[in-house]
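For reference, the chain that follows is the form predicted alone, supplied as structure tokens.
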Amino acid sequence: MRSFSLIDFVSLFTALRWTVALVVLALAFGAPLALGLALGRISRFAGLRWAMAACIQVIQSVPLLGLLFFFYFGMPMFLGIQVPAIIAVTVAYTLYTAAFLGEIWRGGLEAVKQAQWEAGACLGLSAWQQFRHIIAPQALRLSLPPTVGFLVQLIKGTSLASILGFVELARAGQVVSAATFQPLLTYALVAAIYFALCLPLTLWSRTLEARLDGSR
């Protein structure tokens, strides 16, 4: 047992790099997949719409912790494939991000009136040009606030990666607490760091929602 020191404080901030890294990986791989799911959900082909909807519903119905367990512990058990922790975490967070962002972005795309597509067609634009120049900018405006809100949820969700051995912020707090026997101080600092990360994003989301109000 030892007292809480500057080294412990620094270790909490050092562990923050894994929290940020997991968020970056989830967005880097999940965002393109989310766009594909969103486009599939508004496709004119019913089979594709149902398939994309089924994928989203399956992923959203499984807790993030369940996804982490499946890809790290389940793959070796059921398929005999040993998955490194970083790969398992990346895949789990990618699917989690894609499922939720896909629905957010699908809502943004469907909120754009059909007349906008028709206007683009009247101008002789191809379907891709209509999407790129007319639909996507409006959908982005509508989807940006809830996307930022989901980012806050994703940051807090990275704490679950500690079960696979990642010493991110929450796990570092557990280690420091066990070493110093000062859980109140340690977890108060962990909570303060999460708060400092999430509060600006939350305020930004509310500002964007007011500024980019699609009803105006």
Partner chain sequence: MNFLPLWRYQNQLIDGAIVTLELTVISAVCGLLIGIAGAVALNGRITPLRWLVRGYIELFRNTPSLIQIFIVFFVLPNFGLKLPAFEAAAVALSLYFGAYSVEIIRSGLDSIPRSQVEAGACLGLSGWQVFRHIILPPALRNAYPAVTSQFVLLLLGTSLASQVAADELFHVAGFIESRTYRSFEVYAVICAVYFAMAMSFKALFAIIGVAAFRWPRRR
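Numbering follows the first chain given and starts at 1. None of the values given here were measured: they were computed from a predicted structure.
Omitted here: the form predicted in complex with the partner chain. The next part is about that form.
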On the criterion of a non-hydrogen atom at 4.5 angstroms or closer, are Q114, L125 and W204 all touching the partner chain in the predicted complex? no
Although the partner isn't part of this model, could you tell me whether I81 comes within 4.5 Å of the partner chain in the predicted complex, counting any heavy atom of the residue? no
Quick one: is V20 in contact with the partner chain in the predicted complex, heavy atoms, 4.5 Å cut-off? no
So, in the predicted complex, is F195 in contact with the partner chain at a 4.5 angstroms heavy atom limit? yes
Hey, in the predicted complex, is W50 touching the partner chain, heavy atoms inside 4.5 Å? no
So which of 87 to 95, 130 to 138, 72 to 80, 101 to 109 is the stretch with heavy atoms within 4.5 Å of the partner chain in the predicted complex? 72 to 80
Stretch 136 to 168 - residues with a heavy atom within 4.5 Å of the partner chain in the predicted complex: V152, Q153, K156, S159, L160, S162, I163
